[in-house]
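Before any questions on how it binds or moves, here is one chain, the form predicted on its own, in structure tokens.
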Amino acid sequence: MTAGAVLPTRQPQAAAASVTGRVGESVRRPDGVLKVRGDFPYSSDLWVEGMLWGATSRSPHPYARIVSIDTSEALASPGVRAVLTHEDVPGRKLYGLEIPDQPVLAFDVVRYWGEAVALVAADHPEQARRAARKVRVEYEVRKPLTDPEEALTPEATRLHPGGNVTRHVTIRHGDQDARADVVVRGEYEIGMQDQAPLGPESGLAIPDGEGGVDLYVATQWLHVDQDQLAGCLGLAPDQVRLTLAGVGGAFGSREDLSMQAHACMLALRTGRPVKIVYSRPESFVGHVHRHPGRLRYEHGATRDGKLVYVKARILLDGGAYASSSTAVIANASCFAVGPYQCPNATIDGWVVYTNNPPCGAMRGFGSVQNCYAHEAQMDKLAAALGMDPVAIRMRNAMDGSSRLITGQAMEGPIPVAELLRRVQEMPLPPVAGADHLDLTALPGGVSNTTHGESVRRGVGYAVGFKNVGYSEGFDDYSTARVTLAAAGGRPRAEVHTAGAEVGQGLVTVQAQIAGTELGVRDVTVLNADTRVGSAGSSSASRQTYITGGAVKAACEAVRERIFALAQSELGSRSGAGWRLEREAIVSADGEVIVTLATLLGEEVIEETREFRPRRTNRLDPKTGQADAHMQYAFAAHRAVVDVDTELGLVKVVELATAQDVGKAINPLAVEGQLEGGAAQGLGLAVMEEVQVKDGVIRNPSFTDYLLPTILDMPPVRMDVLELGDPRSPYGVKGVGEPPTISSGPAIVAAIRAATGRPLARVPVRPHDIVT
């Protein structure tokens, strides 16, 4: 921000968060009490005197040519200060995370229902919304292309100049003509899931009076937003400064731009602060969703259950624009076989453009879709061979000597069999006796729809994995600035990164690392913004590893300067064995040499460091072979369900999970991730789906888009392993995504076990069970 800049009266994230605690301790979140009390300032709470409100005019058609746009009536409406169209975009008209294919405001054509066409700024939010409805757009309506299979055909309408295929990934591993004793085949379909963040898209743009703009926004990656915005606004990057505002959940939905460019354009045009807050229905069209998928699999095995080959065709519907589709299909393809040793594989993964809502990042990122299919196949193979479902998985489980189907060696602890063994050996929940049956615990809950006559119990297993961090040669890094000074007779550390706290606990982790490395109790984590170098996105389960690594590196640099200062001040020639503990430098035998407060005096020590993990490589376009990933995370789940086979109702009785997290920096936060991720897996398995018909979302509300509540979530029995990755800081592994990958397939497997139904589509609905 510039000197004398206007600031929001409610500072984002309470400006800074102070945390005490060390690595390995269950430290409470600094924002927890604020959120429970309703005092936490989310991005939608930001306020500044004199601000305007922005609203968006959107397409009512999934596919149409824009003939004309008339803004005169909207501009003449009471309180309206500006109405903008694509002609007012000052810089590049297209943006995108991987492919710049999405218009800031639609021009020539609209490609999905709800695409932004015009913007309004007005004194009052209702004035802005009413004026947005008065923007007159003449459309030449076209038949939307909504079937991804049709999009692949040569006869299909080309929705983008390069055609409809966003990316085709081919993986050819081993003998392509391999034959097996036993062969099973299956086709599976996955619905479109929404990230369902509780906070809708929102932010506040404030012009600096010098041609630039400050944006306070809920996002997952400040610097990638900054780069895209600078291009679209025709400004230098340092003229577009971003500060993280309070984020009400993300799960991938905030990786793409939504209202960022729109708020900035309106602010720069009017010269006044502009705030945009999406309504809940608008949020459903304002962010990307999980790719729906169609997957066709063939598994071949020996008679003793050893996998011989896997063939898979994976088709993902990317919707109207690319977003992160090219990376999602790479994940879906690379991990298509699951965490199993397989000498031969033939994988074709496609993601295509359609006129459906755009799809992109969501927790599990490609591995969720394929896990439903490969785990169903493993159960089908076990049945064909007369084997136990867990036994066949353990027989084929990857270990430290395995290679991925991309040819990459699996290094470090690969505890697939161990995770399965642990969930299998956990005690099963009791079955309620008929004499003291709790009807509310049965499927249907408090509706008392059954007395247990047709309730069947099923148990299912699944195991999944995915990469941690960016892959395929992307420059994955994070920047951290750490400052150590004395105030009030005590040392205090400040940590500054651009790592977005999106609810995963990054603020706490940064403070724990700084407190551990510098031996101080008082650590303040400054709010994330673009005044420090990029931290990458809060996605791919990477922030504890990468930004945590950057904080650790910066702390180590500060520590070296502390030791050098001490040697200079104390006249000591050697600092051998020195360490920072109890806010002091202590010797190898624990004796305090000098307190940090005494040593620092008025001195302020500041260091900035970047952290990079090992490099990765892009997949070979013909064979899909490469060392494309830096780390993998594994989890196994066992689900126990009760199913009313007459009504088709499902009650998930218990989820059990085992996961290797490398090192639990904050064990309490790890438990939260395991439970939260399992809830999203449960949602996709039995209730969550964005209903899209002819390109139109039919359920854009939390009334009709069903989410698991606390009444739907069962107890989660968990076993956390800390096997350690020797290449990562403290041995950490990504935690956040694996719980979502295998929890859902385990639930569906349990429903199959209870009903005997094939259940080849998720979410499983009552009519899938009773018809």
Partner chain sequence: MRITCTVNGRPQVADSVWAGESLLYVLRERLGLPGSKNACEQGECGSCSVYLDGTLVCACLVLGGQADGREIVTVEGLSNGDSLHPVQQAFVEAGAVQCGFCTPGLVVATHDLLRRVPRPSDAQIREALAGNICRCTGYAKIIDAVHLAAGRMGAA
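Numbering follows the first chain given and starts at 1. None of the values given here were measured: they were computed from a predicted structure.
Keep in mind the form predicted together with the partner chain is missing from the figure; the text below concerns it.
Proximity to the partner chain in the predicted bound form, defined as a heavy atom within 4.5 Å, singles out one entry of 604, 487, 383, 446, which is 446.
Proximity to the partner chain in the predicted bound form, taken as a non-hydrogen atom within 4.5 angstroms, holds for one residue of 356, 193, 323, 510, which is 193. For the chain shown alone, residue 648 is not a contact residue for the partner chain in the predicted bound form, no non-hydrogen atom being within 4.5 angstroms. In the predicted bound form, none of the heavy atoms of residue 67 sits within 4.5 Å of a heavy atom of the partner chain.
Contact between residue 668 and the partner chain in the predicted bound form is found at the 4.5 Å heavy atom cutoff. Under a 4.5 angstroms non-hydrogen atom cutoff, the partner chain in the predicted bound form has residue 362 among its neighbouring residues.
Residue heavy atoms within 4.5 Å of the partner chain in the predicted bound form occur in exactly one stretch of 44-52, 59-67, 742-750, 726-734, and that stretch is 44-52. No member of the trio 214, 498 and 526 reaches the partner chain in the predicted bound form with any non-hydrogen atom inside 4.5 Å.
Shown without its partner, the chain has 124, 125, 126, 130 in segment 103-138 as residues with a non-hydrogen atom within 4.5 angstroms of the partner chain in the predicted bound form.
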